[in-house]
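The data below hold one chain only, encoded as structure tokens and taken in the form predicted on its own.
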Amino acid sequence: MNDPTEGSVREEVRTWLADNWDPNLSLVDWRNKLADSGWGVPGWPKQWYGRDLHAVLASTVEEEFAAINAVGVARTGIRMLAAATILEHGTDVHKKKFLRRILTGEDTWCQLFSEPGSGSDLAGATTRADYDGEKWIINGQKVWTTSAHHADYGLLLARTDWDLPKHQGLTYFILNMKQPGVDVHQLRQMNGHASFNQVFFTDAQIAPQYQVDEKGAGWKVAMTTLAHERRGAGGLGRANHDSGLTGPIYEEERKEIATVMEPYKWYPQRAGRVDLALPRARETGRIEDANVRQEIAKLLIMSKSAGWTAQRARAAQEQGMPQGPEGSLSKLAASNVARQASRVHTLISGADALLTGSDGAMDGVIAEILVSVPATSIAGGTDEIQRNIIAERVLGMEKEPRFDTGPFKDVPKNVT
């Protein structure tokens, strides 16, 4: 059989949509049809709700959906990070139980990685999983967990062997967030939002079939999750788009987006709101200041360069190339852009940038930018971690000295 061409794929999906798209269906019913057809995630394996299409052809399918405003599968939150991890490392049991409900949006997910004593040092996790002969017993704490307060399942990294070096003693699990022994508390941020949670585990239980990959392979599996996170597999940008259309299925989708995307409302401010810099400078007259113009020019150059790097990464992904250095480069660039944007907004607004609410510049939006931007240098791996990755793995520089080798039980911990 000949490989499909862009033209043949476009014609086939266009015909299928003409015969099946119905905006009067419920969101779950429509997405179940998508799962059965393979058109919802055409790049996935045929066995698991896809069509084994190359990424370029999968983009062609997306274009046809957009052309008639057809709703796609659920992509909000970290669902697609969970799906990508399960597809690569999960068993058939995991795929049968979770993948369809990820696509239909019936289950929501969170990522249980960071801890109070091991944020950037992910391999230093001390949440423990002990096997009692029948099940895994989980005790410990996670923090900065987005959406844990309404998640059905969590991707959990826990320590199962304290006698091995820290990277080798971790195991990856799928945890039921609704069970006894899982206690979730939302955290209020200084920008007024409550996106993150701390999660406490007290004898929570995981059946052995919900261990992902081998015992001790947790670090490898976590790297898969993080690689897809860097590539934008969570689809936050796409998911946050409101079509503005009316009809039952669009209303359901709008409610889903509002619920799942609520924790991410401040992310544009965290990125610095580069789009506001030039209009604000013109509105306030600060564009006449040569120093302000110079800083705006620097910001726009940095932002455009970062965008080109991201485009290069996406192009490589579409061609099936492995993850390159663009992930860490883009992450570091995003921090630099956000900080420069914060500087520019301060130069433009002056002391008004410090005022919140109606007293502040843009009714407090500028103040929210200033207090949100520092998070960019921390979330998803600190700037220092990204510099180490770039230096050691990209530039081939000598690795920094390590003092945490040997059995993890003997390594000094950043806990009390």
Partner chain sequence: MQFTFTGEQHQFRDVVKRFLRDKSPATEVRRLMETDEGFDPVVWKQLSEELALPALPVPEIFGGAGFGFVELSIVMEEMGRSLLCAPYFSSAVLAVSAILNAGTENQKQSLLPQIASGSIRATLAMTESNGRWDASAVELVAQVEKDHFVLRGEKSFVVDGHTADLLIVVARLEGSEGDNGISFCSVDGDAPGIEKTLLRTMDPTRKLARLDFNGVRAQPLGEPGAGFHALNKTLDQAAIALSNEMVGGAQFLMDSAIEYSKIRVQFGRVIGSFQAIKHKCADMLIQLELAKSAAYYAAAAVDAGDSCLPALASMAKSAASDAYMQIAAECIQIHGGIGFTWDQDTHLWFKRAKSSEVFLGDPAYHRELVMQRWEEGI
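Residue numbers count along the first chain shown, from 1. Predicted, not measured: the structure shown is a model, and the values here were computed from it.
The same protein has a further form, the form predicted in complex with its partner chain, not shown here; the description that follows concerns it.
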Here the chain is shown alone; which of Val365, Ala391, Ala55, Ala70 has a heavy atom within 4.5 Å of its partner chain in the predicted bound form?
Ala391
Answer option from Met223, Ile301, Ala207, Ala258, heavy atom within 4.5 Å of its partner chain in the predicted bound form
Ile301
Full three-residue contact with its partner chain in the predicted bound form, heavy atom 4.5 Å, for His94, Ala125 and Ile137
no
Would Ile296 count as touching its partner chain in the predicted bound form under a 4.5 Å heavy atom rule?
yes
When the contact criterion is heavy atoms within 4.5 Å, does Ala227 count as touching its partner chain in the predicted bound form?
no
Under a 4.5 Å heavy atom criterion, is Asp29 part of the interface with its partner chain in the predicted bound form?
no
Check Lys178 for me: does it contact its partner chain in the predicted bound form (non-hydrogen atoms, 4.5 angstroms)?
no
Looking at 155 to 163, 304 to 312, 247 to 255, 79 to 87, which one sits within 4.5 Å of its partner chain in the predicted bound form if you count heavy atoms only?
304 to 312
Neighbours of its partner chain in the predicted bound form among 386 to 409 [non-hydrogen atom within 4.5 angstroms]:
Arg387, Asn388, Ile390, Ala391, Glu392, Val394, Leu395, Gly396, Met397, Glu398, Lys399, Glu400, Pro401
